[in-house]
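Before any questions on how it binds or moves, here is one chain, the form predicted on its own, in structure tokens.
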Amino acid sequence: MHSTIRHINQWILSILLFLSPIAYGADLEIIIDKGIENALPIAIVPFGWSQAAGLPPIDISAIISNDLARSGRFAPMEEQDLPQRPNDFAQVNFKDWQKLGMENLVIGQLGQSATGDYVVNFRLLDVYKGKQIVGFSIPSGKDRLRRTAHEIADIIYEKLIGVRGAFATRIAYITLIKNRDGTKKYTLQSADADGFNPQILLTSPEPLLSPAWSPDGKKIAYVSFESKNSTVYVQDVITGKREKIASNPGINSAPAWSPDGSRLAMTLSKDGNAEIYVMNLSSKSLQRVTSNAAIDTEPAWSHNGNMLAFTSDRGGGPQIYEVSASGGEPKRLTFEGPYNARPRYSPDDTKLAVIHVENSVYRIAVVDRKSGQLNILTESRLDESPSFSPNGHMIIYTTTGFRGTELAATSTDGSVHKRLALEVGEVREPAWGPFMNQ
């Protein structure tokens, strides 16, 4: 099952990965397995609520605290240990927090107007300087309150870590339900980066594979076997409207968006052999990028739009190659180990996440594009489908866990590990979406 052909012919053998029933539209449970030892201490005080009667519609502070904790870079104080619960700057006794070793403090309030609109006010404070680092008043509708909390966590992350946070992003993944009568239901789903708000974008009795987000996060390309042969579609995330992109006889697989969203790289075998092609989505014109008797598959686009990385067995076994997006002679990038596949560029294009295989053990690794140095990040026996977070700090992938195949994530240096498991069943082929500016 774990032979070379598994990844080379991903479009067909990925079907074999779906082995267990899964919960339909269930939230993901996220468990931190490993965090960095010098995580920043921070306290997030429960936000005040402007309405005297009733509970707030959402616990803003808990979402922020969970986001920061899941990053592995922060150590939020437990709520029961808070020495005071200020909601305003004037209420803060900085000496109390200093005694507990808290470096930063987050306070805020959730308000509601007579018209039903919401406003979230928050302040990030430097405990030892006794000063505000940043503060905002953010208007929000009820259906956007969770996203607003993620946006606040992003702001805190950027101010204290120096890199834009990726909490207010989404992930896509494939799931399968195996019914008692023997029928199957495949689903393409998206969810918030913390696993909440899952949305089913498509259901099918036939396999769905290889979801890929458009650069603006408004569309997803994927492979469907609804017509009993692989077909590449592009679907609008909001409306559900979709367009058939490639349905040639043979292989149509592994779609990858260009950074400007105007083109789609794919693996097609319409001319007899699996090669990398690029389609202009406006004109539907095709450009063949590779031409080799070997199988070329799993293209990935560099973020500067100049290069395509792909998997090829032209050297005798699956390895990563790179070629100009306009064509030319490919250059081999990986040499360590007999098997490297499924490349994905880091946001700064300095690294590639890959599946590295030795002795039938599949692990996620990062390859430096210049030096070729390979760093193995994971420790399980079957880790696959890596996808970078848009800020480049984490990689989401699939792994084997207590419940079968689960989603997991690791930091790009391997210092932080976390698992994202459905309460029941399995998920596959994760893709981390882009930053959302709207």
Partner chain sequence: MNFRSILILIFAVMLFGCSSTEEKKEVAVEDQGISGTDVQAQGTGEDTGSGINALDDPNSPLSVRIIYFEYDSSDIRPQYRTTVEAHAAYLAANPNVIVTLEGHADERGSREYNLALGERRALSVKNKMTLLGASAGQIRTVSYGEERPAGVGSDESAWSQNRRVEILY
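Note that this is a predicted model, so its numbers are computed, not measured. Residue numbers count along the first chain shown, from 1.
Absent from the display: the form predicted together with the partner chain. The rest refers to it.
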item	value
In the model of the complex, A254 touching the partner chain (heavy atom, 4.5 Å)	yes
A62: touches the partner chain in the model of the complex, heavy atom cutoff 4.5 angstroms	no
Partner contact for E151 in the model of the complex: the partner chain, 4.5 angstroms, heavy atom	no
Touches the partner chain in the model of the complex: T400 (any heavy atom, 4.5 Å)	yes
Candidate site K178, Y186 and T311: all three near the partner chain in the model of the complex by heavy atom within 4.5 Å	yes
Proximity to the partner chain in the model of the complex, single hit among A265, V323, A274, A353 (heavy atom within 4.5 Å)	A274
Heavy atom within 4.5 Å of the partner chain in the model of the complex - residue from L374, L382, A69, I58	L382
Contact stretch among 106-114, 164-172, 277-285, 219-227 - heavy atom within 4.5 Å of the partner chain in the model of the complex	219-227
